[in-house]
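Okay, so here's just one chain, in structure tokens, the form predicted alone.
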């Protein structure tokens, strides 16, 4: 455990030294604050909490932005060091390959968590103080769910990024695969579902099948977890009409995202153990 902690500290310091944390936090804060301020404008004097609007807006931002950032953090974590020759040097120390993966993963998740909490936290606090609602009357439960699930979404794609990094031999290949994975999960998968729904609009596709197809994708599980968290977020996101038989419990959605975190990470460790350097 001490060796893993040492690796976590090393990777975290490297992140600070390379200005990754500062840049990520500034970008997160700027995008979250801009989107939150623009998104809360249409509420006017309605009874919907401005923070609920912020949750819906930030959920949409997170689905596109967090997976990309996580993949960019992780895709060259192993293959990049292998190309530079520093990975062989690292493995000459009394540290196992499992500890290397876990140490790097925890460090990158820590850096990503800092960016998410600070960026989204500033946006949430700004909206809560600027609105007409009282601070305690805001949708804080939904906002905290957003923070938790956003960190978990980042963990999912960090794990996938590590699996890519240990499976390929060149950084350029890893970068191409990472962008392809991002496009698949964030854009192409949902476009395929829409095409399937359009093709089966005569009744050939039932709601239960669509629900399970959505749950396969961790980004859709994340979307369902946040956009159905309260009546306000469900109404704003257009999911208020989701029938009770098609709803999925919060526990199931969290378990799906945890499975997507653990499985690629275990696969990355297994591949890395067999990799020839």
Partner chain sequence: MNSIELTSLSKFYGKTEALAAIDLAVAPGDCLALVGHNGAGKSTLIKMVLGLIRPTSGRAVVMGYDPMSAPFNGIRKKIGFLPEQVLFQNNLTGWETLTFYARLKGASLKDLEGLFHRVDLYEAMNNRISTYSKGMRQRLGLAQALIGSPELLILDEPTSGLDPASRRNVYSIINDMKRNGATILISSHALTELDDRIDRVAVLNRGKIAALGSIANLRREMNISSEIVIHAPNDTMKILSRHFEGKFFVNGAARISCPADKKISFLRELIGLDIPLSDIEVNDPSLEEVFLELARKKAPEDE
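This one's a predicted model, so the numbers in the text were calculated from it and none came from an experiment. Numbering follows the first chain given and starts at 1.
Below, we refer to the form predicted in complex with its partner chain, which is not included among the displayed structures.
- Proximity of 27, 34 and 117 to its partner chain in the predicted bound form is absent: no residue of the three has a non-hydrogen atom within 4.5 angstroms.
- Checked against its partner chain in the predicted bound form, the candidates 184, 144, 196, 95 yield a single residue with a heavy atom inside 4.5 Å, and that residue is 95.
- Just one listed stretch, out of 82-90, 172-180, 121-129, 187-195, contacts its partner chain in the predicted bound form at the 4.5 Å heavy atom level, and that stretch is 82-90.
- At least one heavy atom of residue 277 is located within 4.5 Å of its partner chain in the predicted bound form.
- Interface membership of residue 7, defined by any non-hydrogen atom within 4.5 Å of its partner chain in the predicted bound form, is confirmed.
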